[in-house]
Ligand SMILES: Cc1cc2nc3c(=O)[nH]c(=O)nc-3n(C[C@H](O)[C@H](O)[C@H](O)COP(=O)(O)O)c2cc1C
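Only one chain is included here, represented as structure tokens and corresponding to the form predicted alone.
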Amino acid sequence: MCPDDSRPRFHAAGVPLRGPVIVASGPLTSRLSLLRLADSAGAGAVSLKLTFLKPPFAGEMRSFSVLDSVILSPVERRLAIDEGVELCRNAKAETSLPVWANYSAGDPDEWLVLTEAFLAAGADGLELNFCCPNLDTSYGRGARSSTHAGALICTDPDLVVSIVRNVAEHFPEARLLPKIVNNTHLFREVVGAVAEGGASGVHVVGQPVSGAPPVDPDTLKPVLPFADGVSFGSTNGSVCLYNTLKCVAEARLAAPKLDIVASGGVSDWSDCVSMYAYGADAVALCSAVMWHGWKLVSSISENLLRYFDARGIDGPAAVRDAALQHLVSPAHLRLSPLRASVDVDKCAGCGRCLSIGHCEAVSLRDGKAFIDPALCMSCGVCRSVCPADAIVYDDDPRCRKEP
């Protein structure tokens, strides 16, 4: 947990950052006009929209969106090499942002061509994309065999080593940050393969990475606006947060010396702190800004700086890995005997807490909720359903008595 004083306050795989928030590769980083907005919002860096020598299919963004939960996008426009390289060059010329190039390929030579082109365009770092689930086109009507790119790469640790090593050996000066996803039981092996191949760091993306939208009960058609048909698609948003935290911890345990960038589910400054505490050096976000605008980048950055200042610490390095000391197997998890209780001054007597299906501890007494400590199992569910925030736990600061 000791910070390295020789490193910048904010950094990712050897690239100094202007601030704590990276804007992840996606719709927000597909045009120069949007990169200018990221610059104005104080983004620490940007990762450009996914680029190929030749995009595997044409398309533009279509999404199923549930506010503050999920954006599911089965199709979106990718950039061809000339577009991605021009965007990189213009971003370096017209903004003050550190720029990561995000790209994927189907064979070793393609990786090298893309790498050389982005380095020549001034990219500060290279985000080798091993995470995009939309490249698997081997299902449904009109299916064809998929090329071994995007998220499929993470099913093969040997391929991960091969790609990373190939790029690292040909371009030893490059700062490589493969972007990976936990789509098999081999996640730790994939993280190890990234390190073995010689990367500077790893960008971890939380699941779920692919999904399907729900079906309209009346039409029996999947709910995907402005599209005829449906495909499985990448799922992003708050729904991914908790798996991202797990993936960050697993990555830190698998490769203690790698820098880790984390994305997937981040929506406020405290999510960033959680990422740091599980092992991340830097945090990226996308979906939350798509919902709430560029002011969120400024807000999260400002709140993180206040948090660091209030604790008298310099940055993420001072809190990194703090949660790992508490990580144990289920068999070694120590269970507290403390129970839930009710703040009667806040309780409105709505009875919402009585509806919890598995709980027999809650009742109403004189119009207020009451939790029988003999029946309470300390499951931790009741507080989440209370609209008045009237349920407290015995280990909550609100329950503690001053000495």
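All residue numbers are counted from 1 along the displayed sequence. Keep in mind that what you see is a predicted model, and the values were worked out from it rather than measured.
Just so you know, the form predicted in complex with this ligand exists too; it's not on screen, but the next bit is about it.
Within this chain, D259 is remote from the site of this ligand in the model of the complex, having no heavy atom within 4.5 Å. Heavy atoms of P27 reach within 4.5 Å of this ligand in the model of the complex, making it an interface residue. When contacts are judged by a 4.5 Å heavy atom cut-off, A105 does not count as touching this ligand in the model of the complex. In the model of the complex, this ligand sits within 4.5 Å of a heavy atom of L50. The partner is absent here; in the model of the complex, the one residue of V85, A255, C286, V209 having a heavy atom within 4.5 Å of this ligand is C286. This chain appears without its partner; in the model of the complex, the one residue of C131, V297, V160, V191 with a heavy atom within 4.5 Å of this ligand is C131. The stretch from 299 to 307, 73 to 81, 210 to 218, 323 to 331 that comes within 4.5 Å of this ligand in the model of the complex, counting heavy atoms only, is 73 to 81.
Contact here is defined as any heavy atom lying within 4.5 Å of this ligand in the model of the complex, and by that definition not a single one of T115, R175 and A199 is a contact residue.
For the partner-free chain shown, N236, G237 of 223 to 238 come within 4.5 angstroms of this ligand in the model of the complex, judged by any non-hydrogen atom.
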